[in-house]
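Let's start with one chain on its own, the form predicted on its own, as C-alpha cells.
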Amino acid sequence: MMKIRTRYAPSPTGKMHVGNLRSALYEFLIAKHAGGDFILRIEDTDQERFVEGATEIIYSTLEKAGITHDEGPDRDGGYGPYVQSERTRLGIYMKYARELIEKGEAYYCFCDKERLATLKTEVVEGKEITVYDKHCLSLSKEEVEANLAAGKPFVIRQNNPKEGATTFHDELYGDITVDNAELDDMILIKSDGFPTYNFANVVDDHTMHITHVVRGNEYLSSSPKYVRLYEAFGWDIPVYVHLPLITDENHKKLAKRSGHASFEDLTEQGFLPEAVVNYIALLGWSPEDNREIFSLKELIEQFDYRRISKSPAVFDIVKLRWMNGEYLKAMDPDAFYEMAEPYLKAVLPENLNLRRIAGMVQTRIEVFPDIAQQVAFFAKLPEYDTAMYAHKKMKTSEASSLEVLQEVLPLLEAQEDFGNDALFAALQGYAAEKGFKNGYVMWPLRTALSGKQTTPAGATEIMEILGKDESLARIRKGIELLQNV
C-alpha cells in the first residue's frame, strides 16, 4: 500500500483561524495514525492578501500546537520548494498549464476588464460570480501567437465541458455528481503569472504525492473542477475528506470578530495550547467512547477520520473553558506557577507568597486571567456589603458576626504563631469552648479578611498569607462596619 501523505497548505494572511488549525490537526492525525508523512506547504500566490509576518505565525502556531511537519520550507524531503511563489519562479505551474493547453484542456484568454464586465453573473453560495463565455477558446493558433508576441496580457483558463456530469467521491459525503454545465472555466494562471489557489493545489498535491486532501466543506463545490484537472492530466485522484463547518453558539460561521476565532486569540486569553488542540480535535470528530480529554499522542492513536461528522460543529467557549480548567488542575505545580506568575505579579505585591497563592487558585480557575478576580483581595480589601456576613447555612447574622469578631480579635492579637495550623487550632479551640461549629467562626473572619463571597482559601490560610498586622487591621475594619449597621 502507498504511504499516506497529507499536507497543510495555509496562506500567510494573518492569524490562524481555528478552522484552519483543525484542518492542520486532522491532516496531521490522519498521517501519523497510519505512520505516514505530514507536509507543510506555504501558499502565497495571492500576493494582494499577503500579510508581513504571517508566515512566522504559521510556524509558531504549529509549533505551540505540537503539530510537527515532516517536510516543509525548512525541511526538504525531496519535493521542494514548498513555497508556491518559489515554485512559480521555477516555472512549474506554467509548464503544467501549457501541457493542458496542448491537450485542449485549457486555453489562453486575452479578454480585458471592459469585456469581462459585460458578461452575465450568477449567484453561487451567496457570492456573485462572473460566468465566462469561452470567447477566447475560439481564437486560432495564429491569433493566440500574435497576441503573445505583442505582449498582450492574458490568463490561462480551464476548458470545462458543458455537457455531461462529473462525479467524485468524498469519504464523508459519498459520491457527489455535478452537471458540467455548472462548471465555470476557472482561471489557472493569473495575469501576473502566478497560479490560482485552485490550480496550484492540484499540481502541488500531485507532484508531492499527497494521498489524502483534507479541507473545509466550503470546497465541495470546487472539487469537480479539481477532479477535471486530475482527469485532464491523467493523474490519480487523492482521497477527499471535506470537514464540517465550525459555527458559533448562534449557529453562524465562526467569525474573526468573535474574539476567539484564532489560535492566537485563545492563547492570548490564557488558554493552554494543548487544551485548545484537544478541544478543536472534538469539533467534528468523536471517539468510540465518550472520553473528552486526550493528549496529542492519544489523539494519534485514536483518530479515525471515518468518525468525522457531516454536521456543523459548534464552537462552545464555555466548554473550552471547562476543558482548559481540567488541564490546569492536572498541571505540575511548578509548571503552573511559572505560567501563573505574570498574572499574579500583575495584581499582587511581591512580598506576598505568590507560589502559595498559585497553589490556592490552581484548581479554581479555568483560564489564567481568572487569577486576578480570584486573588486581588490579597492586595487590597475591596468595599463590601455587611449583608455578606449573614449566611443561612453557617447560621450567621450581622449581629452574631460582630460578636465573633470582637471575641476572636484579642485572641488573634495575642497569637504569636501566625501559621495556618496554629491559627486553625486556636480558632477551633475558641469554637469548641463556645459550642460553635467551625463555620460559624470562620465565615465572619473570612468575610472580614477578603470582602468576598468566595475565596480560593479559608480564613486561616488567608491570614497566613496577609500576615498578622494586615489580618488584624481587616478584622478591626469588619468590626467597625458591623458596628455602624
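Numbering starts at 1 and follows the sequence shown. It should be emphasised that the depicted structure is a prediction, and the values quoted were computed from it without experimental measurement.
One more form of this protein exists, namely the form predicted in complex with glutamic acid; it is left out here, but the text below deals with it.
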| property | result |
| --- | --- |
| Selected contact from Y79, F233, F194, Y197, since only one has a non-hydrogen atom within 4.5 angstroms of glutamic acid in the model of the complex | Y197 |
| Option touching glutamic acid, based on a heavy atom within 4.5 Å in the model of the complex, out of Y337, Y305, F154, Y219 | Y219 |
| Any non-hydrogen atom of V375 within 4.5 angstroms of glutamic acid in the model of the complex | no |
| Any non-hydrogen atom of V18 within 4.5 angstroms of glutamic acid in the model of the complex | no |
| Partner contact for V214 in the model of the complex: glutamic acid, 4.5 angstroms, heavy atom | yes |
| Residue contact check: I465 to glutamic acid in the model of the complex, 4.5 Å heavy atom | no |
| Sequence-ordered residues of 9-37 touching glutamic acid in the model of the complex, heavy atom within 4.5 Å | A9, P10, S11 |
